[in-house]
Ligand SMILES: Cc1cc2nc3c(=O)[nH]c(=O)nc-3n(C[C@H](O)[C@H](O)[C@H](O)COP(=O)(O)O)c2cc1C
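The data below hold one chain only, encoded as structure tokens and taken in the form predicted on its own.
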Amino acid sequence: MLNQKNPCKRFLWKWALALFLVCTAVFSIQAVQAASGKTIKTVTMKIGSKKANGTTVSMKEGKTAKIKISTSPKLAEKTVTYKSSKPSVVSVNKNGKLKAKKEGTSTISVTVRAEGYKSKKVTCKVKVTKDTASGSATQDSGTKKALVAYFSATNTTKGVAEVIADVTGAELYEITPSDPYTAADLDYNNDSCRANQEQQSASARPGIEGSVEKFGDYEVIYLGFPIWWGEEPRIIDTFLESYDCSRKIIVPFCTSGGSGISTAVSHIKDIASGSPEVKEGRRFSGDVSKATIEEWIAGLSLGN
């Protein structure tokens, strides 16, 4: 029994009890935090080049746009889900591609999940208005300004791109990775090599050094690349998401020992913003003749 006549002991007992309660509370809070996981501090949603969190973004009826997501801290492995409150007004697919369908306003929700973290959701509103401009890319009698943009890891695609530029008179632009690919990066027999790891992740977006000046001036984009595991390299996806492709004609071409271009063309149609006209595309070998390129170009319907 506590000695009521000894105030010192009574003070010490109360102090010990208070310390015990404080420690218990701290440990309880830490336990709850540990159980619920770490917190994603921020999720930044961009549509085009503008931050969209909590804002209202305008889109013209029939147009498309791509949602870009960044997080703090950066998450190497994350799952992003998209939802539209009114899909009949604005639809959004699993890759974050928006399509404005009719006049109205829809709320777009983006939820980011990662192992060991609490999920985080951000929203914006998309307002769709009528597009009073005439529909698709202008088909006039003049020569369309063209660009041959290509990515070439081993210079095979580069050779074909140079022939196309020579035949068409188009300007030539090399899509150069910020982090150049080494021979080890391209060792396809190694499942852990960089190229294989990127191709296994549909969301991988390798960085690009520099950009196309006055991209909006070009009406036709000849887009070249090698085929990696039946698809376009992910750096091509980075390129397509970096520009507004509205009112443009995209003509894909690839180099490959045997794989076709159809899957890559399907991806390009899905990824490119602005609903461009995407041609069927063509696969070439590295030693294709100039005559073959000329015949192919002559058979394209580009509205010239």
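Just so it is clear, the structure is predicted and the values come from calculations on it, not from any experiment. For every residue, the number given is its place in the sequence shown, counted from 1.
Heads up, the form predicted in complex with this ligand isn't pictured, but that's what we're talking about next.
Q: Between Leu172, Val212, Val122, Leu186, only one gets a heavy atom within 4.5 angstroms of this ligand in the model of the complex; which residue is that?
A: Contact check passes for Leu186.
Q: Going by heavy atom distances of 4.5 angstroms or less, which of Val112, Ala195, Leu98, Ala149 would be at the interface with this ligand in the model of the complex?
A: By the 4.5 Å heavy-atom cutoff, the listed residue in contact is Ala195.
Q: Closest heavy atom of Gly258 to this ligand in the model of the complex, within 4.5 Å or not?
A: Residue-level check for Gly258: yes, a contact with this ligand.
Q: Is there a heavy atom of Val92 no more than 4.5 Å from a heavy atom of this ligand in the model of the complex?
A: Answer no; every heavy atom of Val92 is more than 4.5 Å from this ligand in the model of the complex.
Q: Is it the case that Pro177, even though its partner is missing from this view, gets within 4.5 Å of this ligand in the model of the complex, heavy atoms only?
A: Answer no; every heavy atom of Pro177 is more than 4.5 Å from this ligand in the model of the complex.
Q: Is Ile164 close enough to this ligand in the model of the complex to count, meaning some heavy atom within 4.5 Å?
A: The answer is no: Ile164 has no heavy atom within 4.5 Å of this ligand.
Q: So which of 114-122, 228-236, 215-223, 98-106 is the stretch with heavy atoms within 4.5 Å of this ligand in the model of the complex?
A: Contact criterion met by 228-236 only.
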